[in-house]
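Before any questions on binding or motion, here is one chain by itself as structure tokens, the form predicted on its own.
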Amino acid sequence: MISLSEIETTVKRASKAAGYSWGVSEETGKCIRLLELFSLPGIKHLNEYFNEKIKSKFENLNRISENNPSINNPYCPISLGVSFLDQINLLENLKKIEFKNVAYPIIFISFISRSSEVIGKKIYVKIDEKKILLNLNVNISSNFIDQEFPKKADTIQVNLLENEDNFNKHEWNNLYKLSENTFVEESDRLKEGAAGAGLTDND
């Protein structure tokens, strides 16, 4: 089995050979490594994208806004991903972002997952009718994880979620009250056994 480190290094070199800068290639290597770590088809889709890139034209997007349509050609998932990752601290204020016509969206998703870690927030993504939840780059949850990922997305909606507890105040208070049973009242005996007590001074 090929190691994740070898995957990252080989993808970086292949991306450079495909025409990307070393900086972009390095980011791509990290992202494909991430997909393979989560058992997602990163190598497969990157291979297909590079093969298609030789004969087809793809668009770049330098500045991302709330609505980002690509009318003539699909967006390059790598350049789009790098732009998203670079601008995530500004994009966080938009809450909802939409992209039209994106090639090999699973590659783009890997950049969004890393962006989730940067801002410390979950990101909900909808690829046409398929749903994905990115959780601070720790995991990727999807309702189509066992299905074939599309090679092109007509619409990708990205929602940056606010951090919220998954429990209510009543549930938390009940649990905290139970935890109080482990508390021990401080006594003179405990104070005598506190840090430093009973140590022998050898000086």
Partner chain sequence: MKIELRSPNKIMKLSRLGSFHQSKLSFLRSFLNEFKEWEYKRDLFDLNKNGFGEAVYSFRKNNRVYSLVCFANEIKDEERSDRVIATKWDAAFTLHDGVPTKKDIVRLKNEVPKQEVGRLSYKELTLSRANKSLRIYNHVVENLSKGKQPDLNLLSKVGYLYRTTAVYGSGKFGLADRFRIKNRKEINGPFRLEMMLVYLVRQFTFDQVNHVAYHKNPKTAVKLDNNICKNLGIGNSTGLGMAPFIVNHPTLLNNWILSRETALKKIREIKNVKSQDSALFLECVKKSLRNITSWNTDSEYQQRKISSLLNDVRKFLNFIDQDFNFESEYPFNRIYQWLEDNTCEECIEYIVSIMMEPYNDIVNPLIKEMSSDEEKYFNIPTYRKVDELRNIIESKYPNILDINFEEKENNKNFWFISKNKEEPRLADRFEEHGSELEQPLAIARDIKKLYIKLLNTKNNLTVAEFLSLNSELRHVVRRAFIVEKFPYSEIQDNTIGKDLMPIDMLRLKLSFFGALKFDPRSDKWLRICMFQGAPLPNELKSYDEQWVYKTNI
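Numbering follows the first chain given and starts at 1. Bear in mind the structure is a predicted one, so any value in this text is a computation, not a measurement.
Just so you know, the form predicted together with the partner chain exists too; it's not on screen, but the next bit is about it.
Asks: R63, K177, H170, K55: which sits within 4.5 Å of the partner chain in the predicted bound form by any heavy atom?
Replies: Exactly one residue meets the criterion: R63.
Asks: Find the only residue in L161, L37, I43, L136 having a heavy atom within 4.5 Å of the partner chain in the predicted bound form.
Replies: In short, L37.
Asks: Check S21 for me: does it contact the partner chain in the predicted bound form (non-hydrogen atoms, 4.5 angstroms)?
Replies: Within the cut-off, so yes.
Asks: When the contact criterion is heavy atoms within 4.5 Å, does R114 count as touching the partner chain in the predicted bound form?
Replies: Output for R114 is yes: heavy atoms within 4.5 Å of the partner chain.
Asks: Can you tell me whether L94 touches the partner chain? I mean in the predicted bound form, with a 4.5 angstroms heavy atom cut-off.
Replies: Taking the distances in the predicted bound form, the answer for L94 is no, it never comes within 4.5 Å of the partner chain.
Asks: Taking any heavy atom pair closer than or equal to 4.5 Å as contact, tell me whether E59 reaches the partner chain in the predicted bound form.
Replies: E59: no, not in contact with the partner chain in the predicted bound form.
Asks: Of the listed stretches (162 to 170, 27 to 35, 147 to 155, 44 to 52), which one has a non-hydrogen atom within 4.5 Å of the partner chain in the predicted bound form?
Replies: In the other structure, the partner sits against 27 to 35.
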